[in-house]
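Listed next as structure tokens is one chain, alone, in the form predicted on its own.
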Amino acid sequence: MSAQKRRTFKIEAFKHRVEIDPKYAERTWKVLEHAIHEIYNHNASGLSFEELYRNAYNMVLHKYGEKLYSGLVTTMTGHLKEIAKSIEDAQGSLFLEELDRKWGEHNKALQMIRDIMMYMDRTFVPSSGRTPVHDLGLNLWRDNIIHSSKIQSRLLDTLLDLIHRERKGEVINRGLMRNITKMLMDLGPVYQEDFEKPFLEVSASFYSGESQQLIECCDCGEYLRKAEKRLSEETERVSHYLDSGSEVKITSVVEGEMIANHMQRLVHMENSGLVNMLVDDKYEDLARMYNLFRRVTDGLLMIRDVMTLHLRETGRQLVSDPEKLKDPVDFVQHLLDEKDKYDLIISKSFNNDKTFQNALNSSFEYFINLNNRSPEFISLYVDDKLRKGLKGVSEEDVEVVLDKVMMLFRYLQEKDVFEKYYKQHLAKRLLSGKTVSDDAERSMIVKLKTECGYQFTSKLEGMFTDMKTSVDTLQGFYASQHAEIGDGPTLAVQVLTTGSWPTQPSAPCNLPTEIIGICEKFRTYYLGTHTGRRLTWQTNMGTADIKATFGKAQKHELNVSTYQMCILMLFNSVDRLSYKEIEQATEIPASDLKRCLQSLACVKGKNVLRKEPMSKDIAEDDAFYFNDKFTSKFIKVKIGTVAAQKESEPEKQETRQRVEEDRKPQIEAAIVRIMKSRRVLDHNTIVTEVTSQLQSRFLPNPVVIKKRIESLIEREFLERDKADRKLYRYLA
């Protein structure tokens, strides 16, 4: 089958002309005009909207759209002029009420008129480029009511006056205000141009005046509370009866006038500014200042700068205060307390702001490194805690203390100096058996290893290995000697690997003959089981337990150092010895000998020797006697050695010298590593890269780096470029 042809239909106009009554348009418009009057006069109930719609429809259909539209404009304008007079005549508070009422009536009327003129809205209005009926009604209201010469300024003044009264604490009709501002918003840009701009200007003037008054009579905390309250009020005001877009603008005005313009004065306010808040831990005021200042440009920067300045000055005073430096443990505790204090402030008041945390860290790093004894003091603090300070403390609390110490350790630029001291202190703890817990010791080493790598802690771990190996060695020794030792003195030996433990100069000391015998037996056993090793007795690091009998057959067990044992054993054969005789018999170094004699003769309750003449210090012409009248309520008496907790000046210089010597090969190794990979570099770049590589352990001095480069050139690892003396070449 063939497809049928598609037919197209066309509707054509009548061929003959349709005659319309010439008076039709005028008559129809009169009907519509009457209806509009009735609507505005509240008599719309008797109108037939279907018939009115048809009339408006026919007028547009018969090309009378222009007449209909212009007639509508004229009629509505006439009514609005009458409404304007009614509003103008309203007095006092009735003015806004009348305006609101008339606006409501106009909107209802406009809705009915739009329904009647719907066909015109759909056809004539778009084709002729006219304004739709609803928008036309709003524009006419704006032009005839809001922009009326007698209403415009009065309306603005009334609104601003009500807002001013509310700011002063009066209660106003917020519902009415909301209706009026909503009307202005509905009228397009009228809200912004006729109300918002002057509202913001008046607000700026109000808050400028108020802030000046408050800054003169309030302290910083009180001022900030009032500023916060004002911001809250303005935000609430916007939510109740202003356009939501006004919130940013009005809060910006309050921020500018009450905060930005007075930041300097508020922060530095005498007796109540930022520094006082920090000192007195005023968390709420600090949080308020942070939240208000973060709203304005550079507000937080100012708080951060002032806090940093204060912190650095406080820290500088702390690390340079001679009184604080007398007690290293107290010194470090002050640092930790200060860190805890500011951590809490940043957490509770500054929203854990990372920039504030960074400022805190940089401040601590700055002032901790002002004192070159900080590494030693931090190690002494750990020593104190691991000896006795953490006794009976839970494992979790031990971890907290160690974590805090590690935080201070991170700030140190000379971590290698800390390592030197830590190794010394750890050695003393392990050898004297005075550590609180092996777990705590190992935990600290794990933390150091995590922070600085295996190389940093390898020797510390070696010390623990030696302690464990020594137990096995001693068991083997006694197993082999059980028949030969008899009732003589027993020996507990720790065999220390030279490279792992702090290097101690082997001070000469003449051991008692009773002790020398068993020492030689151990030496023979050890060297017999290990080949290629050498043993050196470190008498300055040992301890001894001695049984002593005093007058009236009183027996005590004395726990003393090896040096003290050597001194006391001399009194088995004589009652009196001079300082010179003791020194000659024992060959103990003078400084150690004086400290030992001080402990044995001058400490009340531990004075197993008597000294003549009696004084606190030991002189070379003193004489010493066995104290036959010594008594103690304890069977076991521990006699410590009088020793300064901190290093003496010569010891300090010696440690510093050893540190500097240890740094030389590290600097050279870094230079060689860098040059091996880069081949040719200028002097400044080498200094920068070496500093970058080594700063996790210490900050190398550029002068020392230069000397190490010279040394490497002499040993033909590097050479200077012949053309440019500042360039170095690596020699393979």
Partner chain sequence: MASVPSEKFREIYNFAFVWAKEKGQKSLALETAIGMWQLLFAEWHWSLVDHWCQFLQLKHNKAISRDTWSQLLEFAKTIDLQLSNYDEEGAWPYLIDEFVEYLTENGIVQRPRN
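Numbering follows the first chain given and starts at 1. The model shown is predicted, which means the values in this text are computed figures rather than measured ones.
The following text describes the form predicted in complex with the partner chain, which does not appear among the structures shown.
Residue contact check for N43: none of its heavy atoms lie within 4.5 Å of the partner chain in the model of the complex. A residue is said to contact a partner when one of its heavy atoms sits within 4.5 Å of a partner heavy atom; R729 fails this definition for the partner chain in the model of the complex, lying far away.
Mapping the unseen interface onto this chain, R697 falls outside it, with no heavy atom inside 4.5 Å of the partner chain in the model of the complex.
Interface residue remark: N684 is counted as part of the site for the partner chain in the model of the complex, having a heavy atom within 4.5 Å.
Here the chain stands alone, but in the model of the complex its contact with the partner chain, taken as any heavy atom within 4.5 Å, falls in 700 to 708 among 700 to 708, 48 to 56, 34 to 42, 63 to 71. Along 700 to 721, a non-hydrogen atom within 4.5 Å of the partner chain in the model of the complex is carried by K706, K707, E710, I713, E714, R715, E716, R720, in order along the sequence.
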